[in-house]
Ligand code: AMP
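One chain comes next, on its own, written out as structure tokens in the form predicted alone.
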């Protein structure tokens, strides 16, 4: 299969902002692609080489990519640098400089998908002395055999910015249409949710059809996407929704971990599927002692603790453990943690995702012997609002955020990758003010003035609406930032910078800068109000108004464990608004 065939698909995708049209374009392409190579095509369309949980990543620095472009095209680095300052996109830079050359002098052999993929793999794997020079040479050779359009997308994928606007769920839709039907979409999505590997799902569908994909099950060392919760504002609402009785657990404020245990080996994955094994050696050791099973997948919350008092510490303490390559032993000593397990997804090879919650909890209890590092979450079966409220107060007293309510009905299965009312967060009692925090995604920014001249004066924040797969604006955020954070924001957002508003961002406001919806911030506000300029749940209360957060303030917490689509949903904001005592109808 020629790489050009994939690039033709990308050019068609780039020309539309319609999700339905994107789905049809991808479905048509998937039917045409060689089943033996569709896995590579799907990964590249996602802007990666492997599933999210594989640590080897693309992401060549712009500086190196531009050097390769200059070398392969003969355009010279000064011209390439000047084009980059103007365009802000290494893909467009490559397209422009290669377009200006006579194509007959550039081609030496047809560029196949396999060769492009294997070269990108070699670039990603290069490390050690001389690796940067080696990466530049590999990319330059690839670019020299590429057409201008191929060079554009090679440069984009290698720098981690595809700019296609294709979401994972759009690819799921397209795979269902291509190899099954729209009615079979749920089965395709479930296979992705339990495997976190869209390439595997695509290859299985292409080779073995729907029955093959239904056979994809939970597997150790292949993390599944986390089950998520809705939120409600009172014990009465929760119990009514749950049929009068459910399990309530402490809601710990830490890092959610998925632990994979097999024959004495332990691997840890974050909610975003990043591997954290090396950063939590104390948790790994604790799980080896505490979990007595040949193989298991268990979930828990890793919480920072004061070893002298046993009290829980703020979430920010455990964040010091994230992303470390050096000083891990010191971090273990300086920032001790405890893992509270709350679910068992697999036990001795048996997939438990289709089992009711209480059966999974019993399986967890049967294999865990708690110690000072690993414990079971505090849990009670309750049926009265008074009991729930008393337990809630205990949770707050013990340093937790609140409670998690979990259905104990026969259908209380583990719904990987899904948010729903089988699990409900009860963090605060929502009254006439907004007392709970929300997690919002940065979609834009406004130029700073006065002391903030040259920086971002405020960020445009959005919620996520899963019904429309869009990001809806809910506030401008300018408070709560210290000087160091303000100075760091431009660099933090540099790789997300876009020339125009992302097509999935629904905004009535014109920002000075636009971003890929990726960076999630924790925000606290005074209350939720109606707004004619924000698009969150626009028309849900009044036909001419959306919802906005009044007096938003950054808490100082970057939600590194979340991606854009993990942000607080628009529907959650609507529920919080409706729960306020003072609201306009």
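Every value quoted in this text rests on a predicted model; they were computed, and no experiment measured them. Residue numbers count along the first chain shown, from 1.
Keep in mind that the form predicted in complex with adenosine monophosphate is missing from the display, and what follows is about it.
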I'd like to know if residue 150 sits close to adenosine monophosphate in the predicted bound form, meaning any non-hydrogen atom pair within 4.5 angstroms. no
Give a yes/no on whether residue 342 approaches adenosine monophosphate to within 4.5 Å in the predicted bound form, heavy atoms considered. yes
Would you classify residue 135 as touching adenosine monophosphate in the predicted bound form, given a 4.5 Å non-hydrogen atom cut-off? no
Contact with adenosine monophosphate in the predicted bound form for residue 559, defined as at least one heavy atom pair within 4.5 Å: yes or no? yes
Want to guess which of 504-512, 386-394, 417-425, 214-222 is within 4.5 Å of adenosine monophosphate in the predicted bound form, heavy atoms only? 417-425
Using a 4.5 Å cut on heavy atoms, which of 251, 272, 190, 161 is close to adenosine monophosphate in the predicted bound form? 251
Using a 4.5 Å heavy atom cut-off, which residue among 338, 321, 406, 260 comes into contact with adenosine monophosphate in the predicted bound form? 406
For the stretch 40-58, return the residues whose heavy atoms include at least one within 4.5 Å of adenosine monophosphate in the predicted bound form, in the order they occur. none
